[in-house]
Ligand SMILES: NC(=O)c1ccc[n+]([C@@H]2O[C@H](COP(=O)([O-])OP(=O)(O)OC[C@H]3O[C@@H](n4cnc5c(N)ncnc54)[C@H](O)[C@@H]3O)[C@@H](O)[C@H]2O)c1
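Here we start with a single chain on its own, the form predicted alone, put down as structure tokens.
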């Protein structure tokens, strides 16, 4: 069996390459290393795939997902895991056209290539919780300790896939991902493709790059290690995120590929178990690193969530052999150890 992983040098792509290789699959990886062009040299991912290829036998191509040559790779693949993206909602405000070209058009192009050349294979797409835009901010919250919690008790397990997506701000990133998300659904309903949509929360891990506009967890840890002052944007740091290690996400994508449920969408993050506010994360990072952090507060970012926890019950129901394995403290330890080696 052979899997094609787009964005194979990235955080999620790297974990997918490793897992599929461990499971005995032949792995084809493609990446054009755009991340460094978008975020700067600190975000380069070439080193990720180089390291991974030293441990595993992976066929890697420096290639854009919009290159027609990718059709030849699709033809010889038995599954596709599409992780390639422009992943930053604040950065998308500055580069809306490039964001659209990568996220919306790039995904549509891949779907067309699959439809034309190998429509029977599973296609797992990494979407985002930003498809819901500001919807979480229309609920009411209260401060509980050093975090916000919803007043509505039915939200205890987080937001499920029925949260609305219209009549609010998304940022161009959210919009381009909505388009890609819906195209993946449409290609299942209309053309019969075996697509699955995974609306990710905060995905992180040791392979994550520490840049301010994406992957806040390693960026926070980096600030602790350098002693530089951190800026927390908006909400007094009480905003809540759910954090999942990319290895746990990769396991779910693998389970989907083995037993695809066409057209289904899943909210996927750390859930209640791995939820943390930015203020709480300061305390945890100080514990993990042994470093005292300096921080200040900045303005709120556009369409930034006040509170987000992914309700992952649907994913658990459809794939009962899957669950979150890596706890919050271990996630931050993994990041700390990776940055310490860098």
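Residue numbers count along the first chain shown, from 1. Please read all numbers here as calculations on a predicted model, not as lab measurements.
There is also a form predicted together with this ligand; it is not shown, and the following applies to it.
When the contact criterion is heavy atoms within 4.5 Å, does residue 284 count as touching this ligand in the model of the complex?
Residue 284: no contact with this ligand in the model of the complex.
Please tell me whether any heavy atom belonging to residue 313 falls inside 4.5 Å of a heavy atom of this ligand, as the geometry stands in the model of the complex.
Answer no; every heavy atom of residue 313 is more than 4.5 Å from this ligand in the model of the complex.
Using 4.5 Å between non-hydrogen atoms, is residue 65 touching this ligand in the model of the complex?
Residue-level check for residue 65: yes, a contact with this ligand.
Consider residue 33 of the chain shown here, and say whether it contacts this ligand in the model of the complex, taking contact as heavy atoms within 4.5 Å.
Heavy-atom contact with this ligand at 4.5 Å: present for residue 33.
Is it true that 85, 102 and 215 each have at least one non-hydrogen atom within 4.5 Å of this ligand in the model of the complex?
Spot residues vs this ligand: full contact, yes.
Look at the stretches 313-321, 270-278, 298-306, 65-73 and give the one with heavy atoms within 4.5 Å of this ligand in the model of the complex.
One stretch meets the cut-off, namely 65-73.
Could you tell me which one of 173, 187, 256, 266 places a heavy atom within 4.5 Å of this ligand in the model of the complex?
Of the listed residues, the single hit is 173.
Going through 102-131, which residues have a heavy atom within 4.5 Å of this ligand in the model of the complex? Please give them in sequence order.
Stretch hits, in order: 102, 126, 127, 128.
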